[in-house]
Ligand SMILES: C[S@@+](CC[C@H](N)C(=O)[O-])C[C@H]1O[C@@H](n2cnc3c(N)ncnc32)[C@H](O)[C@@H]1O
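To begin, one chain is listed below as structure tokens, in the form predicted on its own.
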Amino acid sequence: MAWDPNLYLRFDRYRRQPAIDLLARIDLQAPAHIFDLGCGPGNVTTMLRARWPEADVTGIDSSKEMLAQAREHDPSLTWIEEDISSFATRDADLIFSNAAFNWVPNHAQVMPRLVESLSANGVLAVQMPRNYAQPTHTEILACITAEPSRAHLGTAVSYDHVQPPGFYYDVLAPLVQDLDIWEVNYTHILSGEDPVLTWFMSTALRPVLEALEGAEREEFLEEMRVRYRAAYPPRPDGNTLFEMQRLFLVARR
């Protein structure tokens, strides 16, 4: 599935803040090997380089479009096209991931493999949206089921990968010496027309829209526009308040 880096970066200020918050909770002095899994356009990967300028920093993503933007953003870093769900190494001092593993299934298998990829005292730091019970995602599912002709779109959406905090505690606590898990509900003040629709056209809506063509695609988009406007109406000043719940974990091997 093709990604649109420019559309994704339209809300860079808000997408970047959870990465900043996650980065602030990492206690590492001089990691030698850092991997940014699901690096996207590289805007967060460069923050890792700025924090640890002597480290070997590698950004990994499955999107050619995102990696092309990342290479243009900073050609001095290492950028690799790879499926992060199968990532494995043996010398990672830091595995960092901001809003990527929500696209990856089977966390009960994936998370232990990431821990195994850490060096002694290495850190796994992950942030994932967990907004799936909110209108941002429930309205997508409702729009799909509203028309029998859209039944095939059900296979394009998977909003159950990210689990509650207790799940990650049970999976990771036996494997690591330190573990922090927390959640934050961010309230974003968005401007412009239909900003929530624009936000999710680059993420959760993307696989659905790619499965549709022509008039069907435009019809679905218009229905989602109406649904999002009802769920997230503009305030009197024209801005839209939009909440996004995110789960964080930092584990030290």
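Each residue number is its position in the shown sequence, starting from 1. Here the structure is a predicted model, which means the values were calculated and not measured.
Just so it is clear, the following notes concern the form predicted together with this ligand, a form of the same protein that is not shown.
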- Query: Out of Asp83, Asp170, Asp74, Asp180, which one falls within 4.5 Å of this ligand in the predicted bound form, going by heavy atoms?
  - Reply: Asp83
- Item | One residue of Val57, Met66, Val208, Val196 in contact with this ligand, assessed in the predicted bound form (non-hydrogen atom, 4.5 angstroms) | Met66
- Query: Which among 183-191, 39-47, 26-34, 215-223 is in contact with this ligand in the predicted bound form, heavy atoms within 4.5 angstroms?
  - Reply: 39-47
- Task: Considering only heavy atoms, tell me if Trp103 and this ligand come within 4.5 Å of each other in the predicted bound form.
- Result: yes
- this ligand contact at Ala99 in the predicted bound form, heavy atom, 4.5 Å: yes
- Within 4.5 Å of this ligand in the predicted bound form, which residues of 46-63 have a heavy atom? Give them in sequence order, or say none. Asp61, Ser62, Ser63
